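Take a look at this single chain, the form predicted alone, given in structure tokens.
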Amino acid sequence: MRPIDDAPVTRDGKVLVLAYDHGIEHGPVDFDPQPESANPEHVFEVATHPAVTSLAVGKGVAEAYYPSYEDDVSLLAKLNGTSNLWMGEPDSAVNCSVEYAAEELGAESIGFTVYPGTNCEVEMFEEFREVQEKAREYGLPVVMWSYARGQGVKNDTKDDVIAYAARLGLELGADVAKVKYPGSREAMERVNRMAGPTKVIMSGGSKKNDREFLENVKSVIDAGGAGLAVGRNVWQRENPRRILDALEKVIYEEASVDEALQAAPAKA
């Protein structure tokens, strides 16, 4: 691994990626709870919050909106993604190259999904190898979305499976591995050990209430995790800046959940 604590994708060694690749991965259904979230400009505005270290979007959204925000937002170019209409074994189309992301989009980090356990694993590992090595040429950190899925995986929420996914981040050369939350601080400690110097961040997942969500994030930080990549738990909220205020307390100041909620009252 290469040190990335001074890279734009981190702040004080921690990571908070605002993920907004849901338009391709999940479709319009994710924007229905908060209709203004379908407008990328709204989410770019949210991403200017100081807690956010980078915004993860695909090529088309980056082309259309990033030029207006390049001074205030760090772009994480998500290079692959497949629609929720796809019915085959988990796989992810490569929609953008590292060269294009760096030279044309102005990306400061790269994101790439790998599905360990799918029948497409070999191809996806080889695609990641090409992306990781090219990103090294440009000096761009690589964040691996490491989600074990497919016929080879019986339970993708099992802590052993999540620890394996994190380990693959290390083995394949990712700077940051984004994995599912394994359910407890103890399980998260093992996940972090398996990843070695690769920073581990939690997937934000579907929307939860403030306390439950922040408690999960707190356990990740207390277990030595670097932070999270979050989408719906921020921009599906009526006041996304409020939850980002709370996340800033938990991730960067290592405050308690109660302290974070008090610092970001519901009517703020």
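What you are looking at is a predicted structure, and each value in this text was computed from that prediction instead of being measured. Start at 1 with the first residue shown and count on from there.
Another form exists, predicted in complex with another copy of the chain; not displayed. Remarks below refer to it.
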Contact stretch among 195-203, 44-52, 213-221, 239-247 - heavy atom within 4.5 Å of another copy of the chain in the predicted bound form: 195-203
Contact of residue 133 with another copy of the chain in the predicted bound form (heavy atom, 4.5 Å): yes
Heavy atom of residue 70 within 4.5 Å of another copy of the chain in the predicted bound form: no
Heavy atom of residue 24 within 4.5 Å of another copy of the chain in the predicted bound form: yes
Non-hydrogen atom contact residue 184 with another copy of the chain in the predicted bound form at 4.5 angstroms: no
Site check 19, 256 and 264: each within 4.5 Å of another copy of the chain in the predicted bound form by heavy atom: no
Heavy atom contacts to another copy of the chain in the predicted bound form at 4.5 Å, residues of 93-110 in sequence order: 93, 94, 95, 96, 97, 100, 104
